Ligand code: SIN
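Have a look below at one chain only, the form predicted alone, in structure tokens format.
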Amino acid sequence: MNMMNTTSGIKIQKFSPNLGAIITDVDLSKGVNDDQFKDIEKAFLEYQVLFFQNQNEITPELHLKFGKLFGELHMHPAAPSMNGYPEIFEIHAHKDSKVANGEFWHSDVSCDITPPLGTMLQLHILPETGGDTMFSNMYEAYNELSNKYKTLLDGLIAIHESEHLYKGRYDDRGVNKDDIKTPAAKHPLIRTHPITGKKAIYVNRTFTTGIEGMSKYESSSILEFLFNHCEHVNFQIRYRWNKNDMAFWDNRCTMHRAIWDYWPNERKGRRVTIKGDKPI
């Protein structure tokens, strides 16, 4: 069934067989009521990433209010925040940018002790072509492993670090590398979603640097297999943005990658991230 039944009247249509849903008939610039929130929350848990289409640009205040419906907001440890709104991360790449955010597969800030539950991104400036975002389903990546390999991974603890990524990354946006935080954490390599109870692989090429109790050679052989496995095309979708689309993804069971194929053109938006729980 391609459409989810709703009580609020919003339309929720499956995006692909394995991941994602398109949401229409709700105007985020006017806020959401209780019935709409319940339908959105249900869809979020089922489809893992939601794409709100036919939107107007929402104000920073409403963006924050929408995020807070799902929990306490997370502040990025290194990236510059929007002036006057410390919980908003401005996504902005243009001809003078040194990097574009998210250009490698990752789950947002998995290096935190309590990494984000989810992320809400609305894009207001888009290149004429390009700038798509890819998402990958970590439930399915786990399910496709053999039982023997699942047994091997059970109980392993992965090391997530950020210093190699964050130091100097935002120099061109006025951030002093000595003023940022570079968190590190240890999380179960296989995590259980706190609400759905489903298991997902929780490592990524950007932040995961090793496995506790293993040599570099031992851990790298397992991690390299898992990185390639999780990035397999069978688990992926690729989303082409429309102006003012809002995407909301679950960092606990997906990875994503923003494709920087539009240089020297510009891509800009605002991101709000919801704080999560310590992975179990």
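Each residue number is its position in the shown sequence, starting from 1. No experiment lies behind these values; they were computed from the predicted model shown.
Another form, the form predicted together with the named molecule, is not on view; read the next lines as being about it.
- Though the partner is left out of this view, Gly102 does reach within 4.5 Å of the named molecule in the predicted bound form, counting heavy atoms only.
- The named molecule in the predicted bound form comes within 4.5 Å of a heavy atom belonging to Ile91.
- The named molecule is not shown here, but in the predicted bound form it comes within 4.5 Å of a heavy atom of Trp241.
- When contacts are judged by a 4.5 Å heavy atom cut-off, Trp249 counts as touching the named molecule in the predicted bound form.
- For the candidate spot formed by Asp108, Ala258 and Arg267, every residue has a non-hydrogen atom within 4.5 angstroms of the named molecule in the predicted bound form.
- Here the chain stands alone, but in the predicted bound form its contact with the named molecule, taken as any heavy atom within 4.5 Å, falls in 250-258 among 250-258, 210-218, 48-56, 29-37.
- Checking Leu117, Leu189, Ala141, Leu121 against the named molecule in the predicted bound form, a heavy atom within 4.5 Å turns up for just one residue: Leu121.
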